[in-house]
Each structure stands twice: as structure tokens, then as C-alpha cells.
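To begin, one chain is listed below as C-alpha cells, in the form predicted on its own.
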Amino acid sequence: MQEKILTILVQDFEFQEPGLDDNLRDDHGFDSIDAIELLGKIERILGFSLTREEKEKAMEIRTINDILDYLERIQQGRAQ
């Protein structure tokens, strides 16, 4: 999953050498429109649509590690 996310950030959002603890907004100029676009790509990777609540929780994401933790929580929640 980490590799997929990093590939999306480099290819689609033109990140240069993203670090897992980089602040998406401060270090890479990531904005709310980018976040919405990324959520759409995440839904395609996961193979299902995110709920409104899951999307709202995404607003807490600040780093790539946050994205990975977020995805892990969603996958665990869906597996139960």
C-alpha cells in the first residue's frame, strides 16, 4: 500500500522525493482539492467507496504516514 500511495503522490501530484513524515501541506503544497482527488484514488485502490464519516476522518491527515495509518484503520474496520 505504501508503494502505491508514494507512486500516486509522485506521478499525479508531482511530489519530489516524499518523506513519510513530510507535512503534505507545508512541504508539498497539498491543498483541499488535492485531498479530495487523493481520496478518489484511494477509493479505487481499496475497491469501495468511503463513507462520509471516513472522509471526514481523512481531514486529520497531515503526513504520508497518516495516510497509511488511515488506510489501515479503514481496512481493519471493514474486515470486522
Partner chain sequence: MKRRVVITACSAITPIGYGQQSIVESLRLGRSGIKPLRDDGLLTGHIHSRVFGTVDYPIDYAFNRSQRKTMGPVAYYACQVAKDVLEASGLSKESIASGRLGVAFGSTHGSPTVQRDIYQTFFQSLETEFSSIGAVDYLRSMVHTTAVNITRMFGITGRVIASSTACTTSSQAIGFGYEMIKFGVQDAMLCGGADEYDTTTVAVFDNLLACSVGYNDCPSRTPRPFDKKRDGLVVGEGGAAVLLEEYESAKQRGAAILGEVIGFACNNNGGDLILPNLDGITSTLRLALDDANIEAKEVDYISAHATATKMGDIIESQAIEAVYGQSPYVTGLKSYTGHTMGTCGAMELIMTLYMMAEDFLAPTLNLQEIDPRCARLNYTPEVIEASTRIAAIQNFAFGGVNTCLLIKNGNEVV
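Here the structure is a predicted model, which means the values were calculated and not measured. Positions refer to the first chain, counted from 1.
Unshown form predicted in complex with its partner chain; subsequent notes refer to it.
Q: Look up in the model of the complex whether E53 has a non-hydrogen atom within 4.5 angstroms of its partner chain, and give yes or no.
A: It does not: once its partner chain is placed as it appears in the model of the complex, E53 has no heavy atom within 4.5 Å of it.
Q | Non-hydrogen atom contact D26 with its partner chain in the model of the complex at 4.5 angstroms | A | Result no; D26 lies far from its partner chain in the model of the complex.
(Q) Please determine whether Y70 contacts its partner chain in the model of the complex, using a 4.5 Å cut-off between heavy atoms. (A) Heavy-atom contact with its partner chain at 4.5 Å: absent for Y70.
Q.
in the model of the complex, does E60 come within 4.5 Å of its partner chain, counting heavy atoms only?
A. E60: no, not in contact with its partner chain in the model of the complex.
Q) If you look in the model of the complex, which residues in 11-39 sit within 4.5 Å of its partner chain (heavy atoms)? A) Heavy-atom contacts within 4.5 Å come from D12, F13, E14, G29, D31, I33, D34, I36, E37.
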